[in-house]
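Only one chain comes next, encoded as structure tokens, the form predicted on its own.
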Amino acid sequence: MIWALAKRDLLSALRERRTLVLTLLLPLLLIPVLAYAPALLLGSTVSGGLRAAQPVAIQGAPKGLRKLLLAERLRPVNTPDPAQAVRERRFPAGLLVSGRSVTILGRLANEVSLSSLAVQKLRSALRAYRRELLRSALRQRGLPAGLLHPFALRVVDLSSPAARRAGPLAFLIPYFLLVFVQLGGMGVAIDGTAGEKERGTLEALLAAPVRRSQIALGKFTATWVMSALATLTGLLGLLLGGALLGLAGSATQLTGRLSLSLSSLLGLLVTALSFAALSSAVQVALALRSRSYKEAQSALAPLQLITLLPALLLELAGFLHPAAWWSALPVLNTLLSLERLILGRGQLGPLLLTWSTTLAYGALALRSALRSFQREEVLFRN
């Protein structure tokens, strides 16, 4: 009986082209775009800026330094007031040399900008110029140039292969995935509760020979099925996007691409589906208390913000030391688990805690929905 009621809501939702597009097509198309396109665009912009020769306002730079600036793909232009020229955006960066004082001028409020790239090139040119001056001073004193390099320095990246493949913007993927999981079931949850109130069909359903608890479970099941479909299409979109980047040779250190083992993929699926159960229960419980379709949309809209706030915290995860009890916090535990699985650091203990607590929160929300279905003032609140 519960499945029959769920199938009724599902058929009603699938008849609308808008629901099909929102649940199946948008996650498949938009998740790869949102996850990879910003990084691809940023990567190509930075690479183009590094290859291009930016003009820089200079004053007092010696001839040897000018040659190094040209080698770094910079075009030095003598300017009476480099600071004013950079401030007025006539140049992305500037260089002021006065005796033993060297000042780099730039607009660094936005770290990723043409000005920051030009400043980076200026620093590189000045480091090379400093090395030349030191070598010249050592030669004049008859000392070996090896004194400048008393030891060899090597940086070794010990990150897992999955973390290196995912790239530094991998924290965006869990957020986008959860957003589409929520959007997948939202239409069904609203239409099956507040929508039926508005149309006056809920009364006829309540008059049928079924228990109210079965009606509530049926609507929850329909919402969860649509959220699960959005989960599957979202994961498929991420995998296809990563595969296309690899085939096209477009994957860079900045963009990364999703390449998962079978165990990580199963972990992602179970984590997302457990969150879909929590999201579906909350959506049904909130939408049922609304008087109309529009009121239900307004009531469910803040759920996106509840997902956004932990996602912002996830960006700082590299500076934090997540404790074990973080895996019991709703939403944050799901985001952490998804990111760990993407980076190849998923562990069974935290995953089990995430799944169990997420399902427990979902059970509490579903219990609230079941209790609301027993209250006349909620069912006929229109």
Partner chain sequence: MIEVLHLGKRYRKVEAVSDLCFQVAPGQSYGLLGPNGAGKTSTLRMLSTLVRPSSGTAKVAGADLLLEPLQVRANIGIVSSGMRVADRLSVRETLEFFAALYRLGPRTKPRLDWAASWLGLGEVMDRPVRELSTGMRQKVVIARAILHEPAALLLDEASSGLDVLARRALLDFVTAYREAGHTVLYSTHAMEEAQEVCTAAGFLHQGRLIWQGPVQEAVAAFGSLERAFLERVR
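Numbering follows the first chain given and starts at 1. Just so it is clear, the structure is predicted and the values come from calculations on it, not from any experiment.
Quick note: we don't show the form predicted in complex with the partner chain, though the next part is all about it.
The stretch that touches the partner chain in the predicted bound form, counting heavy atoms within 4.5 Å, is 206-214, out of 83-91, 206-214, 280-288, 296-304. The partner chain is not shown here, but in the predicted bound form it comes within 4.5 Å of a heavy atom of residue 200.
Although the partner is absent here, residue 368 is not a contact residue: none of its heavy atoms lies within 4.5 angstroms of the partner chain in the predicted bound form. When the partner chain is considered in the predicted bound form, residue 191 lines it closely, a heavy atom lying within 4.5 Å. The partner chain in the predicted bound form is approached by residue 1, whose closest heavy atom lies within 4.5 angstroms of it.
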